[in-house]
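In the block that follows, a single chain appears as structure tokens, in the form predicted alone.
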């Protein structure tokens, strides 16, 4: 997957400015793709040059004008071609997992502290995703929403984000506890 596909997917719900797109990425897309704001603006420029999105300038009073973007038919075709290609296996690059892997020969105290930090981050992200799920489905319960709603893709990807953050939090807390117990048995202080 390239950033272009994540941007096109995020723009499916309507017309957004680059700033609005960064907020969408911060909340709804962050569970499967990270991009810095500069990357998003550069990608929007490329997508427009390639005819995959159209942009138009919106004049604003008292503020700088903004450019808003929508997906074109060619952009939908690009997404359709992307969806038809086999998905690549999930790749995880996580520096904290590397630290845990090497912890037997390291001082575990800073790793334990980082595990607790990551658990808190995961809990905060989980809360945001759960609020997003509630907002997406409105008054409907999940089963009814999934059966009746016109658009369920963002909801389903948000569910994946919830599961990932729940598991991340659980793994971090369990790993920190295990390392703390081992430190206690060896007489070292735990954080």
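Numbering follows the first chain given and starts at 1. Quick caveat: nothing in here was measured; it's all calculated off a predicted structure.
This next part talks about the form predicted in complex with a further copy of the same chain, which is not shown.
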(message) I need to confirm a contact call. Of 151, 135, 63, 56, which residue comes within 4.5 Å of a further copy of the same chain in the model of the complex, counting heavy atoms only?
(response) 151
(message) If we define contact as a non-hydrogen atom of the residue within 4.5 angstroms of the partner, is residue 15 a contact of a further copy of the same chain in the model of the complex?
(response) no
(request) Give a yes/no on whether residue 116 approaches a further copy of the same chain to within 4.5 Å in the model of the complex, heavy atoms considered. (result) no
(request) Indicate whether a further copy of the same chain has at least one heavy atom within 4.5 Å of a heavy atom of residue 22 in the model of the complex. (result) no
(request) Using the partner position in the model of the complex, report whether residue 163 sits within 4.5 Å of a further copy of the same chain, counting heavy atoms only. (result) yes
(request) Scan 58-86 and write down, in order along the chain, each residue with a heavy atom lying within 4.5 Å of a further copy of the same chain in the model of the complex. (result) 76, 79, 80, 82, 83, 84, 85, 86
